[in-house]
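Starting off, we have a lone chain in the form predicted on its own, written out as structure tokens.
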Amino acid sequence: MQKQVELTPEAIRDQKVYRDWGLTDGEYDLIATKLLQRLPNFTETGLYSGMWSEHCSYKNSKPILRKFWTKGSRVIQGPGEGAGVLDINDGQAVVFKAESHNHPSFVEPYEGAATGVGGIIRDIFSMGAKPIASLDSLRFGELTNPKNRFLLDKVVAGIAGYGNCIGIPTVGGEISFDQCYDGNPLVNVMCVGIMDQKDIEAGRAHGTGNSIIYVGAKTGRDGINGATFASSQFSKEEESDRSAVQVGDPFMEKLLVDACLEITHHHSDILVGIQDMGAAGLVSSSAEMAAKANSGVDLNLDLVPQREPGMTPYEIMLSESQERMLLCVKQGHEQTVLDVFEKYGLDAVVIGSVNDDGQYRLSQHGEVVCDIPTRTLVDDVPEYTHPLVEPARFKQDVDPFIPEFADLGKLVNQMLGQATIASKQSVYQQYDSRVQANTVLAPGSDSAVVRIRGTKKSLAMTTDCNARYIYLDPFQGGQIAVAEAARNIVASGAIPIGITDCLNFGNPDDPESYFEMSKSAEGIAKACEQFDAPVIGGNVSLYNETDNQAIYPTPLIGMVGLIEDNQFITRSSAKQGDELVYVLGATFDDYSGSEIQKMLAGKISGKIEHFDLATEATNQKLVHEAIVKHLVDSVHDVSEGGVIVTLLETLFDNELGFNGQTDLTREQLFSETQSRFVITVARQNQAAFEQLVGGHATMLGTTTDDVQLDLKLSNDHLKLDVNEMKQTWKEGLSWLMKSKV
């Protein structure tokens, strides 16, 4: 790579080079005239550009993030550290967080996705927790575009390549497709860990003279100033900016996990703090650790392990090379830490120390190359609010969409082959979902379930967000995103206990985009409080636009639930013939933003109706009560595609049929009314179940052993060969990936 040419402070000012790094004229003036009262040099300007990027500072999103509800009954650590921590009883805690790696994954999909997995894993073990599972939430443009097929193929390969090698199971996730993600795929990764509460750590550097120790991989020229890259809008020309993408090594990360957990579990008395070198690399980890403790640091860059010769301070500090951590260790105990890392064959070097003057001071080759107040990198970042303008589409009168079609059976078959509806088995089978031998429910279930060894407890986990609803109504769509995640958690036998998020939006300078983000956050906050599931962490990914074309607002919800006794774990598949099939929750003509609307009309429109948080909570409570009373055989939440897709998915695993009759219309089979479940019940539990749920559930029919579906509707009679439908559903995604259209 060509060596970076360091301009003089005057040249940076006069040529306004800082603009290319994401700093505005106002921000540069603030730094030069008020915070430093001198011109920043090349290195210092670069550090500000990384630390003041949206990815690191949240300068545009902080006013919105404050709307989140963060005070649940189980919160041990909320937003602000590497990951959030929740009490799961018995002195144990669950640690989880989600991160986005959108821009890198578009430019270099394999490495972008792989390093997204690696980065979120480091956030988990930096808190002292053992990573036990990961999930992914992916969005792509339509698969008729060869570029999107390439991106899906390589992103999945990257996730599998990293996750499988490091020995952490990929247990679940979701994938959907819409044209708006052309040019801006979303790659969000969530990691979950468990720990004893006594082992919790924090990213802090305090105590004058205590040592700063660099551990892990050497620093190279990969991912330089990636935080700024991730905080900018794409144009077609930027697709070639591959130098901003990191390169991962899962085998080294496995060693790093084990070494760091040995330090946190066996040498916590000498460990002051620990933090991942993530976005903005060495500068973010060291400056944030010092700022949290009102300290400063002195670092000697000659001591930083480097992979390439001749690296400048700018490159060393802003490199986002992977598999690196930063530790603060009590003075006099450094050798203990160095010995542990030597045992694992990893670099570990004392590169500096904590100071008490609050300065962030860097030296190289005997010269001071940076000397600025630490707080100016972290605490003095400007905070922006933006005008909120309701998008014009919300004010337009649109006739309600009612599906019109000739052949119901053909339409069901066509629906099952849609990319968003079809089975994702061809993707999940590339992941090792069973490593560590604790996975009870793997990908394909409503939520994944991972047992906690040595206890009778398990954790349920899921990622969800139907961005089409949020595009049509950000406030209600935000509530629905949380409600759907909770529905998946409850369907597996758990109670929701908390969420993490990835707020994927367009340019915040666009008042309509900012309106969408603000309103969806309000909706998320309201729903989180309803379910006692606080926001304990997450990240923000803005500027998801290519040439001013934004994605749908997509605030991913990653939710974790607690199953207090493994006997409550519930599957989504009917077990056998002659089970009674119920739909719990009312069905209305809700087609706005639905899969059937997109499939038949080619676009989505309309208003979100008939959603009510109280009704959602009531229905979820009934389902959970039915599960703990052992009244149900299976539970499957109703989502994209409506009741007919949910019913068929309930039958597929055990190759069952169905016979029934309902007052629903044939159109309502595809309605996406919220707050509903398809539930199967053994005949001996019929009376008790119906007494519990009362009028909230309606019997649809019974499962059969003949692999045929026979359903009489109020205005049609549907007969299907279930195996034919299963083939369409199971192979639909593979067919689309091979298509030449």
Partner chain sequence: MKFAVISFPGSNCDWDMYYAINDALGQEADMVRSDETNLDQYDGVLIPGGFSYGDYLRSGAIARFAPAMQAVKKMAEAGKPVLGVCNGFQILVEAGLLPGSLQNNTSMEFISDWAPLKVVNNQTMFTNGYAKDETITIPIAHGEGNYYCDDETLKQLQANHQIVFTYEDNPNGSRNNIAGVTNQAGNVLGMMPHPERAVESILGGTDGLTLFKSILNQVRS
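Positions refer to the first chain, counted from 1. Owing to the predicted nature of the structure, the values given are computational and were not obtained by experimental measurement.
The same protein has a further form, the form predicted together with its partner chain, not shown here; the description that follows concerns it.
K.L.:
Name the stretch, out of 651 to 659, 394 to 402, 612 to 620, 422 to 430, where some heavy atom lies within 4.5 Å of its partner chain in the predicted bound form.
P.N.:
It is the stretch 422 to 430.
K.L.:
Can you pick the one in 178, 249, 87, 589 that has a heavy atom within 4.5 Å of its partner chain in the predicted bound form?
P.N.:
Residue within 4.5 Å of the partner: 249.
K.L.:
Using a 4.5 Å cut on heavy atoms, which of 451, 74, 154, 526 is close to its partner chain in the predicted bound form?
P.N.:
When its partner chain is considered in the predicted bound form, the option within 4.5 Å is 451.
K.L.:
Is it the case in the predicted bound form that 195, 272 and 375 each bring at least one heavy atom within 4.5 Å of its partner chain?
P.N.:
Judged in the predicted bound form, none of 195, 272 and 375 sits within 4.5 Å of its partner chain.
K.L.:
Even though the partner isn't displayed, in the predicted bound form is residue 218 close enough to its partner chain, meaning a heavy atom within 4.5 Å?
P.N.:
It does not: once its partner chain is placed as it appears in the predicted bound form, residue 218 has no heavy atom within 4.5 Å of it.
K.L.:
Are any of the heavy atoms in residue 439 no more than 4.5 Å from a heavy atom of its partner chain in the predicted bound form?
P.N.:
Yes, residue 439 lies within 4.5 Å of its partner chain in the predicted bound form.
K.L.:
Look up in the predicted bound form whether residue 292 has a non-hydrogen atom within 4.5 angstroms of its partner chain, and give yes or no.
P.N.:
No, no contact at 4.5 Å.
K.L.:
Would residue 166 count as a contact of its partner chain in the predicted bound form, using a 4.5 angstroms cut-off between non-hydrogen atoms?
P.N.:
Contact with its partner chain, yes.
K.L.:
Could you pull out the residues of 317 to 346 that have any heavy atom within 4.5 Å of its partner chain in the predicted bound form?
P.N.:
If the 4.5 Å heavy-atom criterion is applied to its partner chain in the predicted bound form, 317 to 346 yields only 343.
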